[in-house]
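Below you'll find only one chain, the form predicted alone, shown as structure tokens.
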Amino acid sequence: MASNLARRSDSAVVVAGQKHKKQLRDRGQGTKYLAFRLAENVYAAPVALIREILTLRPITPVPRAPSSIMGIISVRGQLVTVLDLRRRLRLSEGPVTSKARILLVDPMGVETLGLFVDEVLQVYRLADSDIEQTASALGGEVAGYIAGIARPAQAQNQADAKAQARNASGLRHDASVIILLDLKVVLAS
């Protein structure tokens, strides 16, 4: 009788594991997004658009440049214009801390730009079903900047145990809402 219970228990684990794998397949592979903090809110952009994450370094101001342009830096001999993403999005100003980073991006395939962010958090893999297209409700100029709203806590509940363990050992941020930016629109404005 004990051996029958053990077999039933083993088969229940196998069925649960198969059900979990099916849920992952149904959600698709998803897209990886790099989450970062700007003025106490969490934003993200597709990892595919981010070439590199730099620690903060001296930025040379450019006279008469728009307020959202912080200046230029040299990266391996290449001059890169650095934009303050808070100013570009008209968010509140805040102190610069040691957690600040510069994201090197080239969303148009024309010029590498640096995006100044307050802090880099972690990478999320989000399926299309994890993203809500609510930006049109915001209206105006803001709607064009936002590619969607994600709630990673829901996505994390559906992720496999291995991914959760990997997140727990690395950088982890429990954002309840992430604003996904359309960098092409943000940088074109």
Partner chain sequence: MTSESERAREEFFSEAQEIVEGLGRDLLALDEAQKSGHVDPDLINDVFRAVHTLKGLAGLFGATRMSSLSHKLEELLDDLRLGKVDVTAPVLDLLFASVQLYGKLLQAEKESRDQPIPELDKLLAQLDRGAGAGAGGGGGGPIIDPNLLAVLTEFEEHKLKTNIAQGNTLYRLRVRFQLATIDQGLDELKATAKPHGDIITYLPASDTDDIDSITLEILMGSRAPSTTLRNALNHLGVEVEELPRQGGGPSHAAMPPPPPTSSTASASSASTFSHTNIPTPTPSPPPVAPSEPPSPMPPMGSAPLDMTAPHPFPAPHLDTSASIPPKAQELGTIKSVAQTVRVDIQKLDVLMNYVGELSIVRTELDRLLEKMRDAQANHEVKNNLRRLQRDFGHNVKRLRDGILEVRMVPLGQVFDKLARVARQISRQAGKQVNLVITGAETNVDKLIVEELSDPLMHMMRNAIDHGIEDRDAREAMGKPAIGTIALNAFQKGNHVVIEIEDDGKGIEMERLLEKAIRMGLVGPEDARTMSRREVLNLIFVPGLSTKTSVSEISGRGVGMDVVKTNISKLGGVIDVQSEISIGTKFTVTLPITLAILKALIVKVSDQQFAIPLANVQEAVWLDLSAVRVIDGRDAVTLRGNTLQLCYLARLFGLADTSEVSGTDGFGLDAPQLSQIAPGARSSLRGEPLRQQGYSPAFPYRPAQTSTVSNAMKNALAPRSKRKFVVVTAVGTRRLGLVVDSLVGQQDVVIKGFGPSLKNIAGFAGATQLADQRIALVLDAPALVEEMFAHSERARMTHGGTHGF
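Because the structure is a prediction, the values reported are computed rather than measured. Positions refer to the first chain, counted from 1.
The following text describes the form predicted together with its partner chain, which does not appear among the structures shown.
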Under a 4.5 Å heavy atom criterion, is A65 part of the interface with its partner chain in the model of the complex? yes
Determine whether any heavy atom of Q133 comes within 4.5 Å of a heavy atom of its partner chain in the model of the complex, and answer yes or no. no
Quick one: is A100 in contact with its partner chain in the model of the complex, heavy atoms, 4.5 Å cut-off? no
Partner proximity in the model of the complex: E111 to its partner chain, non-hydrogen atom cutoff 4.5 Å: yes
Heavy atoms within 4.5 Å of its partner chain in the model of the complex: which stretch in 32-40, 46-54, 125-133, 65-73 meets that? 65-73
Contact set, 79-107 vs its partner chain in the model of the complex - heavy atom within 4.5 angstroms: L79, T81
